[in-house]
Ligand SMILES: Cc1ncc(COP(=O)(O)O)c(C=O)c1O
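This document starts with one chain, in the form predicted alone, laid out as structure tokens.
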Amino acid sequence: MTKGTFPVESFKGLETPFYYYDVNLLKETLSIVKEITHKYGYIQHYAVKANANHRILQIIATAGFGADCVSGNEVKAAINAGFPASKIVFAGVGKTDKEINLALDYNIFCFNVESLPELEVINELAEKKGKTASVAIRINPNVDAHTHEYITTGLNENKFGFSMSSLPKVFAKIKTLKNIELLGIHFHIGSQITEVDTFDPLCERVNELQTQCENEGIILKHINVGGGLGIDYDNPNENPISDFKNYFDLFNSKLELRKGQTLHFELGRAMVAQCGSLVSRVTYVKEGESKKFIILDAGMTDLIRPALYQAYHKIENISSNLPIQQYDVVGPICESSDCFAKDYELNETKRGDFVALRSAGAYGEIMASQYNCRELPKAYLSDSL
């Protein structure tokens, strides 16, 4: 069984559960993304919702990327970590007046707008401040991302964005709003997309829409295709870095950009997921009637994805090289859904062993809760242990 490399001796003095981040892998991933995006002149805004750990944000900001935010506090976190406001985009269907005012005060690059009422409110608030708000219109291209229903966002029945058919009305409205500047159009079809060809139909829709806009005399400076590139949850050791080359190459070959246009991306998971693991200790090994249970001190409060999405995370006993046995791996939370895996093969496990739940650098620490009055997990980076 191939395992990841962990400084287990350094873990022995730490209280579990905690998140552990491999800084070298993070920086290697960022370097690859930076090299390819610079090659094509693309702009990458890191999706802060994936992981807002302050040190992680600082490393990404230092690498020169922008930030994609979906709340006012994410905008604050990005600014505090060193992202320039001129590289921050702000999306979300329910931006409050407070959040919009905050973003206007920071003079962020762009609002990704998702409804007519939102457009009107941004215009009104910008007018009160004597400012002009730059916006991109988020469009649902009705492209099926072939992923989990909870993380599909580009279909007509999703709550996000405008339908293609509503655009003439939207563009007409924008022309009446004196404190709005239309910069471009924005898309995001879903998350954890592992087949790069899934983005083909998105490119087709963007090309069609570009022609439609030109026919109506609308000039678009920026095209934002969101993110969505997935990772290999099954084999994090064999595939620690996503297929960025084919991903960006596809947009370069299929998308028909106009002269002077810039292409923006909002990758999150693919940049940070593989560098993070949730590390837990085994509290008990329980013998049931027909199976064995590993009871960890980490639960769904620390990593909710398995309970929420039935998501898979590779699990490793990083303390044991004993023969393989089969276990249900569960947490301590008083919910039947607090289960990480059933009938899972692990090296023979004993009380006190360290167990790592892999590929948890995205939507792990950031989604932790204090249900059952539990403490939030701490986080450690490899360069600080």
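Don't overthink the numbering: it's just position in the shown sequence, from 1. Note that the coordinates shown come from a computational prediction; the quantities given were computed from them, not determined experimentally.
The following text describes the form predicted in complex with the named molecule, which does not appear among the structures shown.
- Exactly one listed residue, out of 161, 184, 236, 268, brings a non-hydrogen atom to within 4.5 Å of the named molecule in the model of the complex: 268.
- The contact residue chosen from 87, 264, 138, 313 relative to the named molecule in the model of the complex is 138, the criterion being a non-hydrogen atom within 4.5 angstroms.
- Contact annotation for residue 95: none of its heavy atoms lies within 4.5 Å of the named molecule in the model of the complex.
- At the 4.5 Å threshold, heavy atoms of residue 49 reach the named molecule in the model of the complex.
- The closest heavy atom approach of residue 228 to the named molecule in the model of the complex falls within 4.5 Å.
- Among heavy atoms of residue 20, none comes within 4.5 Å of the named molecule in the model of the complex.
- Across the proposed site, 68, 188 and 191 without exception bring a heavy atom within 4.5 Å of the named molecule in the model of the complex.
- Heavy atoms within 4.5 Å of the named molecule in the model of the complex are found in one stretch of 41 to 49, 320 to 328, 351 to 359, 55 to 63, which is 41 to 49.
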